[in-house]
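Only one chain is shown below, in structure tokens, and it's the form predicted alone.
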């Protein structure tokens, strides 16, 4: 469960996120949508504890991120848009390292199925320098999933993936949601969000302008039309295009 109340993030005189409140329950996938500069990445980084919020509270699995950060972070995984990897650790050694950090016992039995699911098992002894951009992304995701997080934050998870990799990543996200994870997903690929998200939160200039299930938000901006897609909802809600 993700509970956010009055979240704000300021950088000097600039307010990137303002008075943001929402919840994401087990099994829900929230699509975080907004124009460039709307505050999506700042929001995700605050939720994951990567950067401190200026105001507000964030509770992850019942744990306050500010007052009990270790307990909160043990239940979450943050997947940035750019993989952060160690140049001199192989794929397998990355997973060994993460297992030690999180205290994952018998991690080998968990690591191999993850490598196979993400189609990098044949690269287990390779260094990151030998991997493509998409494979590096898959390795970062495998590392994040190893400790079985129940809360997940994805920032542009499909960058560098080929069409088959994109399809498998969608399936992986949906599988975790079906298993009870609470997921927040930010992407410029609105068709992706439409396929995997149960809820949507639209930001503009750091503030919430619409939130709810995709059906609820569609009804608000449909103007009486049937089958309005998320791209059209986005344009009507923000007054512009994604770019």
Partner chain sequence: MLSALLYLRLTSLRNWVRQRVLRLKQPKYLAGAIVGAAYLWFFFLGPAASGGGARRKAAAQAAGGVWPQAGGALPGHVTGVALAIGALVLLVVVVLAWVLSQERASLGFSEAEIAFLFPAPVTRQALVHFRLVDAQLRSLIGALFLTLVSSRWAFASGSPVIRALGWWLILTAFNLHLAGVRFTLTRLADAGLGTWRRRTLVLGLLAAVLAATWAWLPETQRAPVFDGTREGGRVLAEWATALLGTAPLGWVVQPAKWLLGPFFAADLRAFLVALGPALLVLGVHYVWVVRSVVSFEEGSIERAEKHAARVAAVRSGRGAFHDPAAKGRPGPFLLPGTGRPELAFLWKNLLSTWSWLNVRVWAGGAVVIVAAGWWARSHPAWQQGLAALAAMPLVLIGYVIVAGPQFARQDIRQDLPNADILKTYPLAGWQIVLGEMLTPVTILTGVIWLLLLAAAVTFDPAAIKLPSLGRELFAPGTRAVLLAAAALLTPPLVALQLLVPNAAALVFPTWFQATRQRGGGGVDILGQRLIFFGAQLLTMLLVLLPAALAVAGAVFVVRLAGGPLALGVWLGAGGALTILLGELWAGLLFLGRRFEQFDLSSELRP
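Given the structure is predicted, the values throughout are model-derived calculations rather than measurements. Residue numbers count along the first chain shown, from 1.
Heads up, the form predicted together with its partner chain isn't pictured, but that's what we're talking about next.
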Check for me whether its partner chain, as it appears in the model of the complex, comes within 4.5 angstroms of all of 49, 90 and 99 - heavy atoms only.
yes
Its partner chain in the model of the complex has a heavy atom of only one listed residue within 4.5 Å, and of 166, 110, 115, 104 that residue is 104
Residue (of 74, 150, 170, 123) lying close to its partner chain in the model of the complex, criterion heavy atoms within 4.5 Å
74
Please pick out the stretch from 174-182, 50-58, 26-34, 203-211 that is in contact with its partner chain in the model of the complex, where contact means heavy atoms within 4.5 Å.
50-58
4.5 Å heavy atom contact, residue 161 and its partner chain in the model of the complex:
no
Is residue 134 close enough to its partner chain in the model of the complex to count, meaning some heavy atom within 4.5 Å?
no
Indicate whether its partner chain has at least one heavy atom within 4.5 Å of a heavy atom of residue 188 in the model of the complex.
no
Residues from 10-42 in contact with its partner chain (non-hydrogen atom within 4.5 Å) in the model of the complex
11
